[in-house]
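Single chain ahead, by itself, as C-alpha cells, in the form predicted on its own.
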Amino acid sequence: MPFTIERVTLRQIKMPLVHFFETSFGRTYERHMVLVEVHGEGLSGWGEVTAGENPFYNEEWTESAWRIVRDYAAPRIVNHPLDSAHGVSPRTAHIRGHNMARGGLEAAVWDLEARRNNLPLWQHIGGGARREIPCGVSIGIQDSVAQLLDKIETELNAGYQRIKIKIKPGWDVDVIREVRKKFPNILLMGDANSAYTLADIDRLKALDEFNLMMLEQPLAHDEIIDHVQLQAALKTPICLDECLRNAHQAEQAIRMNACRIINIKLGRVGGFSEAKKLHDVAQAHGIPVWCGGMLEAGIGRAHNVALASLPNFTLPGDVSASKRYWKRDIIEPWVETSPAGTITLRDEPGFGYAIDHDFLKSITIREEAVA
C-alpha cells in the first residue's frame, strides 16, 4: 500500500572518537554526522548520512549533506505518496552526485517501511543469507609501527576475522612487512584511499609478496581505466571503493577487469536500492563483495549489518562493535561482536535497535524539520 512521508527531521550530532582515525588524507578526532528521521502514519524511520567533516573521501561533507537533504531531497518526498521505499531514489535522481545525502534519506524510508510492515530491516531488503555477520576491522595510520602492531593484536584478541590497515606512500611496504613478520597467517588487506598513481606501480607490485587479501582503491577516486593496467600487473586482487558510485560503473569495472573484489558502502552508492543492484551485478559475475564503513554511529552501523546479510557479502566487512569508536553510542543496546568476530542479526522491526533519545539530545548541535 502507498504511504506518505509527512515530515523529515534533520539532526547534526557531534561525537568524539575513542581514538583518532587517520587515512591517507588526514586524521579525524571527532565526527559531525547528519541523522535523518522520517515521519509517517505515526511511525519514524531513521537514516544516517555517512559523509565526513570535509570533502576528502568524495565531494560531500557534513554541511553539504545538510543542505542537500533539507533543500533538495526531502522536499521531493515529503507529502508525495510512495508505493515503496524504492520510490525515493528516482524522486531524488535529478540531484547530481551527493549520494551520501540522498542515501541517508533513502535509508530512513526503508527503515520506516520495514517498521510499517513489522519486519526487521535485513528481511525487508531481502537479506538473511546468514544470521551471523563476519566482521573485520579497519585500523588507521598510527604514530609508529609498534603502535600499529599493538592495535592489531588487540583486535585479533577481540575475535575480529580480518585486519585492514590504511596505507600511503611512506607507510606501506616496510610497514606491511613488519605486520607479516608478527602475524604471518592473518587475513590482511591494505587500503590506500587513492593515495597512489601508476608511477608507483613498482612499489605496489612489491606488496605482492605479503599475500594480502586485497589492495583497496590504490588509484584515484574517479579512475577505473588505470586500475585495469594496475590489476594486470599485480597478483594481489584490487578492490574498488571510491570510484564505483552505482551498479553500472561496477559492471563496467568488472568487464574491464579493473578489480576482483568490490566494497559496497551504503552511502557511497545512494542507499539500499542501488546497493542491492550493485550486489546483484557483482554476484552475477562471480565477484565477491563486502560492506565498508565510514565511522558510522549506531544507526548507520545497524544499517550496514542489515546490508551485509545479503548473500554475496562473503568477505568480512568493516562492520565492528560500537565500543571500538564511541564511549557511548546513540542506540540501545550497542552493536556488539561475539568472541568469534561476528554480529548477530536482530529480529526487532526496522534496523533492530532503540534510539537513546536522552544521549542523542545531549549531542545534537542543530535540528531542523522539513514538512
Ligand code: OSB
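Values in this document were obtained by computation on a predicted structure and should not be read as measured data. Counting begins at 1, following the sequence as shown.
Although it is not shown, the form predicted in complex with the named molecule is what the next lines describe.
In the predicted bound form, residue 193 approaches the named molecule with a heavy atom inside 4.5 Å.
Remark: residue 20 does not count among the residues lining the named molecule in the predicted bound form, judged by a heavy atom distance of 4.5 Å or less.
At least one heavy atom of residue 296 is located within 4.5 Å of the named molecule in the predicted bound form. Although the partner is absent here, residue 231 lies well away from the named molecule in the predicted bound form, with no heavy atom inside 4.5 Å. None of 277-285, 161-169, 68-76, 109-117 except one has non-hydrogen atoms within 4.5 angstroms of the named molecule in the predicted bound form; the exception is 161-169. Every member of the trio 216, 241 and 325 reaches the named molecule in the predicted bound form with some non-hydrogen atom inside 4.5 Å. For the residues 265, 124, 227, 98, the 4.5 Å heavy atom test against the named molecule in the predicted bound form is passed only by 265. Exactly one listed residue, out of 92, 273, 138, 236, brings a non-hydrogen atom to within 4.5 Å of the named molecule in the predicted bound form: 138. Counting a residue when any of its non-hydrogen atoms is within 4.5 Å of the named molecule in the predicted bound form, the one hit in 54-79 is 57.
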